[in-house]
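Here you get one chain, nothing else, as structure tokens; it is the form predicted alone.
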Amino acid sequence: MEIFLDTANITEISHILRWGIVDGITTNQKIFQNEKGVDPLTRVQEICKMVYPRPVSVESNGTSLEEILSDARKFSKISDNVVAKVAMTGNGNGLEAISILSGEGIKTNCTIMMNLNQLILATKAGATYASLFYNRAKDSGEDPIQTIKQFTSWNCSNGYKTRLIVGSIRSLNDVSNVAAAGADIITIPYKIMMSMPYHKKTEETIQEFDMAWKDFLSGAAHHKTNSK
């Protein structure tokens, strides 16, 4: 299982990269909205250079076939580690775009999906990645854990190479549940990523061990003084 960081913030990316656990970056329009005053294309260039050759997903705007294709082609020219994100539009334009882009050799991430049917269609259309929105699916009454298990089984048994990304992560439990369900990739916001190393009992135990070591050193020093 791989871990992607869901952000377009340079400081956040730089920080988590130092942990040695980042396998890719995902972005979307709302994420870029948080980066006030930046030029999106320049920022994508920066991110691609920082994490190369790891994949960086960048989403097309609009819902018409022409809009989707135009953005995807433009983004894919920035760097060869860009993955063009294409929404699963209800009119099928997203699927058509993925089919065309796949034929052009452009890597794609079919995104904003909620159920198994959508994941199957994205895979058949040739998506490099298929993104299930975990909590948004739950909000709509779907069972994303079951969907993850069903898709990974179907994908494997049919020999497809599309990789399942699970996003819309809101808690530490979401990460654990998605990992246990067998997702290929989890994309995690910075705030949640920062919480993952922490456990209260771990911190208490570290303090206990540190105190024990200090007591040991103090006792050793006292013994050395008395033996002189």
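Note that the structure is a prediction, hence the values are computed from the model and not measured. Quick note: we count residues from 1 along the sequence shown, nothing fancier.
Not pictured, yet referred to below: the form predicted in complex with erythose-4-phosphate.
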Q | Touches erythose-4-phosphate in the predicted complex: Thr162 (any heavy atom, 4.5 Å) | A | no
Q.
Would you classify Ile31 as touching erythose-4-phosphate in the predicted complex, given a 4.5 Å non-hydrogen atom cut-off?
A. yes
Q. Just to confirm, Thr187 within 4.5 Å of erythose-4-phosphate in the predicted complex by heavy atoms?
A. yes
Q: Considering only heavy atoms, tell me if Ser168 and erythose-4-phosphate come within 4.5 Å of each other in the predicted complex.
A: yes
Q | Candidate stretches 149-157, 94-102, 70-78, 133-141 - the one whose heavy atoms come within 4.5 Å of erythose-4-phosphate in the predicted complex | A | 133-141
Q: Let me know which residues along 141-156 have a heavy atom within 4.5 Å of erythose-4-phosphate in the predicted complex, or say none if there are none.
A: none
